[in-house]
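This document starts with one chain, in the form predicted on its own, laid out as structure tokens.
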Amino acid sequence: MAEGTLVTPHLELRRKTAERDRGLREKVMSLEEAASYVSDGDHVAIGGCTMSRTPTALIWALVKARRKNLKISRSIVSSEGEVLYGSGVSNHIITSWFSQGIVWGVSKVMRHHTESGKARFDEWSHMSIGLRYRAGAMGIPYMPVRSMIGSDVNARLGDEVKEVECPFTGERLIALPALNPDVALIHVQRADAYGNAQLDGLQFMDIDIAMAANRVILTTERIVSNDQIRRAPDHTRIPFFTVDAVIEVPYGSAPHECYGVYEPFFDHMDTLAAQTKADPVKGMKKYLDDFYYGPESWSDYLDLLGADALVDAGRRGRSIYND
């Protein structure tokens, strides 16, 4: 089986699922404690999409903990992928697109690492990434689809995908291998101490990721009471029995955005893009030294972003609800 498929036999998944503690218990801990749930070489799925609800604080903690050789999967990768490559935390990213954002173009850091052979980048279609997580959440080894048939993406993946014949119609379909991450990192607007998480705005692939992963680490803008969660049960998208750790981290997606709370820190992103465009190696090293290795705590990291930038991003984020 090809290395990139990351498919775990169904019976092994069932065994791991049965061994998990699904009880209703408090799971609040620090970023440093949560980072211990991730081991070198793990497959780690990242929730959110592009610059939306990126679990930046957890990634910051993994960089600080000097994790190595993580396989990363995400629907669309932004600047967090540059951090993961540049720090050596990851040498293998599976996604459908890798760019800081549309306005900054294709990542220079990604190009440097992949073209030099320092890291691996597996590109799938956006829909196929989501359906792979869906297969993982359903506990099936693959998802039969028409997506990517005849495309260059499909052709470049080679043995990563297989053609199968529908047993009912004889139609030729593509079999997408399931994604079952060892750990999922997901950032949400609010959660209770047990791990019941509520999402505002787009959900992206987070619900399937949470169900597909063996362990789930949640960061949340704020921890609320279980009574508050119960008052709006229809907003609870990720249930407690999938979650292993809960960390309250205000501005936990910065410099990316968290819908309804704050918008992206565009000046910060502009600076990062300019640094890495000029020199993807030195620019990334300076960024990591300044914002990851330098600050001792997440509060120190936010201090570096600056009070004015925090206030401005929060004002723009709240205006979505107020206008």
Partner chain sequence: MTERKNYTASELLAVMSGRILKDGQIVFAGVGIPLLAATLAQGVHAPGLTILFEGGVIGPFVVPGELPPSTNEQRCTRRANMVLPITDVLLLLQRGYIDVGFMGGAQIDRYGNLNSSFIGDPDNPSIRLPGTGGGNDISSLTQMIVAMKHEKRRFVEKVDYITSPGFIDGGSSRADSGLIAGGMYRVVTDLAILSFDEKTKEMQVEALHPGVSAEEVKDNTGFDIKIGDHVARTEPPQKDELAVLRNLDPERLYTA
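Whichever C-alpha set is largest while still superposing within 1.5 Å between the two forms counts as the rigid core. A quick note: this is a predicted structure, and the numbers were derived from the prediction, not measured. Numbering follows the first chain given and starts at 1.
Just so it is clear, the following notes concern the form predicted in complex with its partner chain, a form of the same protein that is not shown.
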Only one of 276 to 284, 23 to 31, 38 to 46, 57 to 65 sits within 4.5 Å of its partner chain in the predicted complex by heavy atom distance, namely 23 to 31
Thinking of 76, 98 and 263 as the candidate spot, does its partner chain come within 4.5 Å of a heavy atom on all of them in the predicted complex?
-> yes
254, 272, 51, 70: which sits within 4.5 Å of its partner chain in the predicted complex by any heavy atom?
-> 51
Can any non-hydrogen atom of residue 118 be found within 4.5 angstroms of its partner chain in the predicted complex?
-> no
Within a 4.5 Å heavy atom cut-off, is residue 307 in contact with its partner chain in the predicted complex?
-> no
Is residue 148 close enough to touch its partner chain in the predicted complex, meaning at least one heavy atom pair within 4.5 Å?
-> yes
Can any non-hydrogen atom of residue 291 be found within 4.5 angstroms of its partner chain in the predicted complex?
-> no
Contacts with its partner chain in the predicted complex - residues in 233 to 255 whose heavy atoms fall within 4.5 Å | 233, 234, 236, 237, 238, 239, 240, 241, 242
Superpose the two forms on their rigid core, then report whether the C-alpha of residue 169 is displaced by 2 angstroms or more between this form and the one not shown.
-> yes
